[in-house]
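We begin with a single chain expressed as structure tokens, specifically the form predicted alone.
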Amino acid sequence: MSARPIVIDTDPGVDDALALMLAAASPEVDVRGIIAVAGNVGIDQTAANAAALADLLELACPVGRGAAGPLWRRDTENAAHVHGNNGLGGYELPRSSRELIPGVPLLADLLGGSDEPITVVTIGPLTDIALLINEHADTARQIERLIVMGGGTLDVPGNASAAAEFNFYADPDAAARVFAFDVPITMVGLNATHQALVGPDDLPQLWASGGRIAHLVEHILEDYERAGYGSGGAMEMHDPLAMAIAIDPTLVTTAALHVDIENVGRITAGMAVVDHRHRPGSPPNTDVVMQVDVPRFRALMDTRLAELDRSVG
């Protein structure tokens, strides 16, 4: 089977870094481009991190600089309290000399110029995707599937507010625009990522390899715990789970449901409203991830990161 072509829209971000590592280590996907968006930290830092990580992971694809903030709101906050001021928990990578291409035009060119459909893995706010829809709607319709890390079912509280997960909270209007657009979506929400816990005990092959990737992952896990997140020393693998689904969709089970994003409410902006009623007026528009095969996901993380650690220079 040929590799699935993907583009990654990301706001690195410690778990974004892990997702990029997983993509680089997996022959099932062909990374055609990486586009940075503001989110976990500002665009200057996320773009620099995306380029530096592409260098570290020896990815030859272009790197783009996407949206510097939400479509129109200016009252949202970043997540530097989780990811550190530099987005990588204080871990310093060599600054890249890569040229950063304007992000939305790059995304449009990658989609429009491909002979085969491209899956877009979005692991940051959805601003770039909404701008693509607004500016290049016909090209956006060529997306094979959006794998979206964001939201969650109503039984799981938000992590950026009482109601909303961070990526949707950071730009509710963009998220609402994307979910109203006619393109296949897999939503990887907090109800799924809270299952996908990975801690030091789950990565024995990576620790045995002992190289640059192992050192960076060890720093990420320690910094995440210092910030007061995770559970029992384990980290919620929000973005790596979305990437894992691009690599192996059988790692999860999904339900076809209607999802809309609240972008009007005073205290609910960014909430994913998942309708389980199957009413005629609300047809399914999203494959919502419900269950994760956690042992297989942990094994994938361990084996692929160990292989990557042995291969990077």
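Please read these numbers as outputs of a predicted model, since none were measured by experiment. The first residue of the shown sequence is 1; numbering continues from there.
One more form of this protein exists, namely the form predicted in complex with a small molecule; it is left out here, but the text below deals with it.
In summary, the region of this chain contacting the small molecule in the predicted bound form, judged by heavy atoms within 4.5 Å and restricted to 126-134, 203-211, 236-244, 109-117, corresponds to 236-244. The small molecule in the predicted bound form comes within 4.5 Å of a heavy atom belonging to residue 40. Residue contact check for residue 166: one or more of its heavy atoms lie within 4.5 Å of the small molecule in the predicted bound form. Contact annotation for residue 159: at least one heavy atom lies within 4.5 Å of the small molecule in the predicted bound form. Although the partner is absent here, residue 190 lies within 4.5 Å of the small molecule in the predicted bound form, judged by heavy atoms.
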